[in-house]
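Just one chain is shown here, as structure tokens, and it is the form predicted alone.
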């Protein structure tokens, strides 16, 4: 694959403590992607590319928390006033807590934009581009268009949720969309969700690459 690195954005999705080993919603192997992400960010930045990161940033009592709903458990699905099929999760990435902080080993020196998402109490956000009502923009699209970005490389957590929705939106918005397969990991809830997400992304024309590709 060939693309102009100077017109490429690396998007680092939700590499936060609560999604890493020891966190309240830990993704297996999450810490193993940090070094590949750091290496990719440095390589891309040296070639004139840009780096952005997203950060789950929930208020206490967020609608996606199972604890916010009586007699509900993590993994269940409910309909809310704004979203049908909201998955309920353990309490995670609460604003200002250590669980919401980026992993200490993630190199942020080259990051020039951080998008905080899911900060509305009644609305969750998986995609880096839109909240889960599929209408409310996060502001990322406008920023990267202003930079003349043509290609977006996805990395981070989790393959079957925030990476998936971000990649699908990115492709629909007309950007050349790539998933760095050695720099993502999935949560696997429900069983088979990672495989289904990868299949959907590939069938939508999203490319998967790994190794020293920048």
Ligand code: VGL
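A quick note: this is a predicted structure, and the numbers were derived from the prediction, not measured. Residue numbers count along the first chain shown, from 1.
In what follows, reference is made to the form predicted in complex with this ligand, a form of this protein that is not presented.
**Student:** Which residue, 178, 162, 37, 170, has a heavy atom that falls within 4.5 Å of this ligand in the predicted complex?
**Tutor:** By the 4.5 Å heavy-atom cutoff, the listed residue in contact is 162.
**Student:** Identify whether this ligand in the predicted complex is within 4.5 Å of every residue in the set 51, 110 and 152, based on non-hydrogen atoms.
**Tutor:** No: none of 51, 110 and 152 comes within 4.5 Å of this ligand in the predicted complex.
**Student:** Are any of the heavy atoms in residue 126 no more than 4.5 Å from a heavy atom of this ligand in the predicted complex?
**Tutor:** Answer yes; at least one heavy atom of residue 126 falls within 4.5 Å of this ligand in the predicted complex.
**Student:** Using 4.5 Å between non-hydrogen atoms, is residue 157 touching this ligand in the predicted complex?
**Tutor:** Yes, contact at 4.5 Å.
**Student:** At 4.5 Å between heavy atoms, is residue 194 in contact with this ligand in the predicted complex?
**Tutor:** Flag for residue 194 set to no.
**Student:** Report whether the minimum heavy atom distance between residue 25 and this ligand in the predicted complex is within 4.5 Å.
**Tutor:** Result yes; residue 25 sits at the interface with this ligand in the predicted complex.
**Student:** Could you tell me which stretch in 141-149, 28-36, 55-63, 42-50 has residues with non-hydrogen atoms within 4.5 Å of this ligand in the predicted complex?
**Tutor:** So the stretch in question is 55-63.
**Student:** From first to last in sequence, which residues of 85-117 have any non-hydrogen atom within 4.5 angstroms of this ligand in the predicted complex?
**Tutor:** Read in sequence order, the residues that approach this ligand (within 4.5 Å, in the predicted complex) are 89, 92.
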